[in-house]
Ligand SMILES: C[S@@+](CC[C@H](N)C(=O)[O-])C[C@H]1O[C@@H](n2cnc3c(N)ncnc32)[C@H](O)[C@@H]1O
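What follows is a single chain, given as structure tokens, in the form predicted alone.
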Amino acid sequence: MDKISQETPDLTQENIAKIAALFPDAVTEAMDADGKVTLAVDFDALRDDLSGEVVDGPRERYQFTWPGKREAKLEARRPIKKTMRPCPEKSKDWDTTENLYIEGDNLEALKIMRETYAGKVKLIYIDPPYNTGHDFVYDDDFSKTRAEYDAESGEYDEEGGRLVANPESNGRFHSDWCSMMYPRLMLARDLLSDDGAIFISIDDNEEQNLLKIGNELFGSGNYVGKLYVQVNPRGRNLDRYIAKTIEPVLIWVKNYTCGNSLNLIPKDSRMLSEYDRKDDKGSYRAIGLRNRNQSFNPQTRPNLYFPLWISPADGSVALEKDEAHSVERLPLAADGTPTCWTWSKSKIQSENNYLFGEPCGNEWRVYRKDYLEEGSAAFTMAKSLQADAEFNNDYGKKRIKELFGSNVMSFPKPPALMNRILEIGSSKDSLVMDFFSGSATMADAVMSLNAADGGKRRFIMVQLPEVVDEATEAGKEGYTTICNVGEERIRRAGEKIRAEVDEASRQLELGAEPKPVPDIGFRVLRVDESCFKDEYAAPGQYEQAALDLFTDNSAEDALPLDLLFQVLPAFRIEYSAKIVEREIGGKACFDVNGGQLIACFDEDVDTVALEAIAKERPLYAVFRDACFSNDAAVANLEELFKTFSPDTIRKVI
């Protein structure tokens, strides 16, 4: 029976294994820092395998680097002994919700989640620190003592996580920011689904560095572009020379060749007003059939240059002149320059009912009907300039004041902007993530959009529990951390959405179907130390397998639910899984996702209990080392499962 590792995966060893599959001669063995034999890459052999055109040594090459980049890469791959501890007392609708709110350092959270959520997240949005010289960046050097750190910056949060001031006087001003972002984006890339996309808000201070980091990690070929969001139409007063009104949102997709990474968005009222004509098929707009791009002309597209004939009586269009169709029209620009048609003769013949001619001044023109309800006519590509009034930052403050009665958060994003990003980057059943959650505007937007379109999007918010200054509005209201504010915002927004849905249902016409209330709950998890004692994973700790089985290696403060959440990643089971506490064979057990996993961490588990669990035929079964009542239970465990559920994968912790 296999043991469950208490560390996140070692990504370096995973990468070496991939190299070994392609170039087995380039992988060898070496001693690590602890004296253990481990796999390593023989780079000389790998260079030989990759031919003679390797960029090596002092040769110049195009690259983007900074002091600390190598360590930033190592940090992303370095395993940690951390877990997600469940906090049902802080949660809302714990048993039924599929949303998550995670308190803790987002780098650690991403490492823990990678094992379970790799390739599952459709949309990631983040609003990281802009590095203005006045904000804080995460300090990923966890080797400092608190005394050393206090001497360095004097900032510590209540969970012991570090936030470091990054003033422009710091000689590593940009380097520190790059080192903070690189490992987080490196891990975020692994979480994206093949049709996934990441949207990142930023400003001028680090826009160029972010673009280079993103292109390196996601691939320049997967870079889509920028949304220029008008967040302050009046312009910023603190700017010099030019008052900035916009902030960019940079977009990458996981796979540019995937056709459904990003969506068209609904046309606005101005665009819809263009569909001002109507016939038996419905509303339509008239689009000129002539190609207005003069680079398309009789020389470049000779097959699209030909005369059309219009009936003055009914406006019908034909390819040949006849008694009814007597008005000739060639694809000529206003100045007489020949261009061409956008449709070929065969398309004109097969879809002739879409064409019509009508007089315009002293001439006739040919148009095609573009029906609103046909195909994707009601949708359009998102424009690079996003200037809707509700994208103004004032609307972010307005929503906070609406929910709390005061401005308890600084610079919250406007919900309408989050809604637009969801429209572009998500589908109705998408998993959405924001690992710089702040005031949790994205969670609010997910619930609101689900209420509007009946979607079942789920969210994962991650936020460091930064301490709130007592002098701020949030501090005066009694909130101690940003997480407290974010969680309360989700609660209040959810209840407001519920009330709005209920009110709309009361006003429905007789026989109309009411909209369901979306999932407005969330499970709170906290990044914490492992639920297992340090000595569990120490090399050579256990000399005998028998002793190992009877060692209680769980931490003193670890509850059974804590143990369950620590083992879920080993089975690739999401933290939103349905969990039912059951008694099986007289012992307390957790039944996860209706039999996908049965976990028993009770004491004195005997043969009777093991047989009852095996008869449930779960896909996975997990037990605690110290739970077995006697030698017979241990000896019979494998035989019982072979008899009653041979396909069950059994593990111990």
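For every residue, the number given is its place in the sequence shown, counted from 1. As the structure is a computational prediction, the values presented were derived from the model and not from experiment.
Just so you know, the form predicted together with the named molecule exists too; it's not on screen, but the next bit is about it.
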Counting only non-hydrogen atoms, choose the one of 314 to 322, 289 to 297, 421 to 429, 438 to 446 that falls within 4.5 Å of the named molecule in the model of the complex.
438 to 446
Contact residue in the model of the complex, from Pro86, Pro331, Gly104, Pro183 (heavy atom within 4.5 Å of the named molecule):
Gly104
So which of Gly214, Gly494, Pro412, Gly357 gets a non-hydrogen atom within 4.5 Å of the named molecule in the model of the complex?
Pro412
Does Pro129 reach the named molecule in the model of the complex if we count a contact as any heavy atom within 4.5 Å?
yes
Can you work out whether Leu464 and the named molecule are in contact in the model of the complex, taking contact to mean some heavy atom pair no more than 4.5 Å apart?
yes
Does Ile482 make contact with the named molecule in the model of the complex, using a 4.5 Å heavy atom cut-off?
yes
If you look in the model of the complex, which residues in 185 to 222 sit within 4.5 Å of the named molecule (heavy atoms)?
none
